[in-house]
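For reference, the chain that follows is the form predicted alone, supplied as C-alpha cells.
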Amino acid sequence: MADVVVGKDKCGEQRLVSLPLSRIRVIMKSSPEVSSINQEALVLTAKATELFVQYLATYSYRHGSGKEKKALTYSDLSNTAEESETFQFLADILPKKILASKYLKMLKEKREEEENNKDESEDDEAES
C-alpha cells in the first residue's frame, strides 16, 4: 500500500491521499464515541472517502447529462442520489434544486390544502 502515490503536497513530497488528513481527523473526532484515531485508520478513511467521491462522480457523469456537456453538474449528482438505490442515502444531502417561485407556489398550495382539510373536518364535526 505504501507503493501507491496519489499526488504531491506543497513541499513536493509524495502523498498517499489527496484529502487533508487534519480535516478528516477533526471530523472523526467530532463524534462523541471516538476518543483517539490511529494514523492507519485515518489514512484508510481518507482513501475510502476519495474512492467513494470518485465513484459517485463517475456514476453521475455516466448516467447524467454530463456526457453530452462534458461536465458534471449538481443536477447530475442530485438525480443520482434520487434515482440510484446505492446512493439513496444522499437524497437529503443532495436535494434537487427548485426555483424560489416554484417553492413558494408549492407552499401556498399546501397551505390551501390544509385549510380545506381543516374546513372539511370542522363541517363533519358540526354535522355530528
Partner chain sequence: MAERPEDLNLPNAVITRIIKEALPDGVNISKEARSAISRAASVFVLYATSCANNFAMKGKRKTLNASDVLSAMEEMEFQRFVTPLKEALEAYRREQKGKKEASEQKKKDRDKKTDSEEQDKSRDEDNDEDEERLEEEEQNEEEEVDN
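What you see is a predicted model, and the numbers here were worked out from it, not measured in a lab. Residue numbers count along the first chain shown, from 1.
There is another form of the same protein, the form predicted together with its partner chain; it is not shown, and what comes next is about it.
**Student:** Check residue 73 for me: does it contact its partner chain in the predicted complex (non-hydrogen atoms, 4.5 angstroms)?
**Tutor:** Although its partner chain is absent here, residue 73 would touch it in the predicted complex, with heavy atoms inside 4.5 Å.
**Student:** Even though the partner isn't displayed, in the predicted complex is residue 63 close enough to its partner chain, meaning a heavy atom within 4.5 Å?
**Tutor:** Flag for residue 63 set to no.
**Student:** Please tell me whether any heavy atom belonging to residue 102 falls inside 4.5 Å of a heavy atom of its partner chain, as the geometry stands in the predicted complex.
**Tutor:** Looking in the predicted complex, residue contacts with its partner chain do not include residue 102, since no heavy atom lies within 4.5 Å.
**Student:** Residue-level question: is residue 79 within 4.5 Å of its partner chain in the predicted complex, judged on heavy atoms?
**Tutor:** Residue-level check for residue 79: no, no contact with its partner chain.
**Student:** Is it the case in the predicted complex that 39, 50 and 53 each bring at least one heavy atom within 4.5 Å of its partner chain?
**Tutor:** Answer is yes for this spot.
**Student:** Give, in sequence order, every residue of 21-38 that has a heavy atom within 4.5 Å of its partner chain in the predicted complex, or say none if there are no such residues.
**Tutor:** 23, 24, 26, 27, 28, 30, 31, 33, 34, 35, 36, 37, 38, in sequence order.
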